[in-house]
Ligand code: 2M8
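The chain below stands alone and is given as structure tokens, in the form predicted alone.
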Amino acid sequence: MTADAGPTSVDATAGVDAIADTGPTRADVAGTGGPTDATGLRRLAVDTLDANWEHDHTVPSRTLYPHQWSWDSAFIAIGLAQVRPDRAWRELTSLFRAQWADGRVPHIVFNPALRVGAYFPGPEMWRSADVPGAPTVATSGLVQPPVHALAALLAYRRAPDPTGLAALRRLYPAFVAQQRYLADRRDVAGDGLVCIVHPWESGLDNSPAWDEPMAAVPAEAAVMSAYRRHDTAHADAAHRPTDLDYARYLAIVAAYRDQGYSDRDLAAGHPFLVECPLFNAAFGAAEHALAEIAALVGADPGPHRARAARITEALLRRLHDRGAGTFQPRDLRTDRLVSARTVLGLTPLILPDLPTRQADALVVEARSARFGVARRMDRPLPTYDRTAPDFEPLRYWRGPSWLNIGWLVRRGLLAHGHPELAAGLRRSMIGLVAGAGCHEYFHPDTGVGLGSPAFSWTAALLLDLLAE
């Protein structure tokens, strides 16, 4: 369904101006393997989502990710609302059916119909069945950025009918419980921000942002000889996290699991504790979304607005690096901001109440040579400072371009009065798919598709971009 190779240069994105600016007009994207018009791109996206539909949810991909992932389902619901609104609500409902009694929404919900070993680490590693309050279906014990309330609000705006309103009414208490879990259980420093306990919770698994805190996690790459990694069977190992990364990931999982996934004593010895700008920006954006949802379903929006303001204030106080003009993760083990300049720092733009001074500084950062956002972009948005000596254009979150991150940054640019930059980023993202298909991620210089083909959130967010 998708092309496995993209153009040799993302100058081809110039040809999507007609698609991006006027809708279903023929675009001149010469020499590319993907559709070259808005109708073809829309059909590609719908076909991808249909092929990845699995009875009540959408798998991210049939190869690398055969189960249900948390923030994937949120992004997927946004796109489904354009073409299959009933499925958008089923997507979110099925995910929240696996919500734990404490309110956490697990980052993986395992499909019991799949064989053991279909994904690593699978249910046998997580052992959620041993934990009181876990659902009957097997899940992980980690969470991901809480973009779900925002996704539900956007899905309803696309299809504002009685069915959608009834779904919002059903989901609202679950969203509130999700936020309550994060606020009550994960505010480890007592400063109003959420702490992630594993790099996987950030969604940007092997970002250079985690190099400093991960270096303190004791592990040896040789540990991986006892396991069979699923990801490197379907993707080039040179594009994926290293065995040392994975050994550390598993050590952190084991530490959390062996404490029954309890958040009570995290500060006493958990090996990875970080306040992430993206996770906390999503945490604040969720409260803004919940304020709107509350008004729709007859609840009080006031407490949500108040919590959103407190989260933004805490982000500014704890994670804003005034010298760099961006936001940086804080390693709670050292109580220091990490130094790597990653795209995580741009994501607080999604907060509508981010003060103008800080928002303007983030726009300067976005337009810099590190990230290259412009009215007309000659290269896509990378996930890491492309001027850094350790920039890796092929390795997962250490350089490549991802549509979900670009989508978030674009929303932030629109929220803070930069429609021309948002339009440039939109054209660039549409151009990536026009050139390479619905890949998981893309080369940040050439636009070649990387990772899994036929990737669901790429398809879903493409539909959202085309709808505008």
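Residue indices: 1-based, along the sequence shown. Nothing here was measured: the structure is a model prediction, and the numbers come from that model.
Below, we refer to the form predicted together with the named molecule, which is not included among the displayed structures.
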Is there a heavy atom of Gly399 no more than 4.5 Å from a heavy atom of the named molecule in the model of the complex? no
So in the model of the complex, does Trp53 come within 4.5 Å of the named molecule, heavy atom to heavy atom? no
Residue contact check: Tyr65 to the named molecule in the model of the complex, 4.5 Å heavy atom: yes
Flag Tyr246 as yes or no: does it have a non-hydrogen atom within 4.5 angstroms of any non-hydrogen atom of the named molecule in the model of the complex? yes
Pick from 390 to 398, 186 to 194, 296 to 304, 369 to 377: which stretch has a heavy atom within 4.5 Å of the named molecule in the model of the complex? 390 to 398
Listed residue that, although the named molecule is not shown, lies within 4.5 Å of it in the model of the complex (heavy atoms), from Phe110, Trp100, Tyr119, Tyr181: Tyr119
Among Tyr261, Tyr156, Phe96, Trp200, which has at least one heavy atom within 4.5 Å of the named molecule in the model of the complex? Trp200
Only counting heavy atoms and a 4.5 Å limit, does any residue of 124 to 157 reach the named molecule in the model of the complex, and if so which ones? Gln144
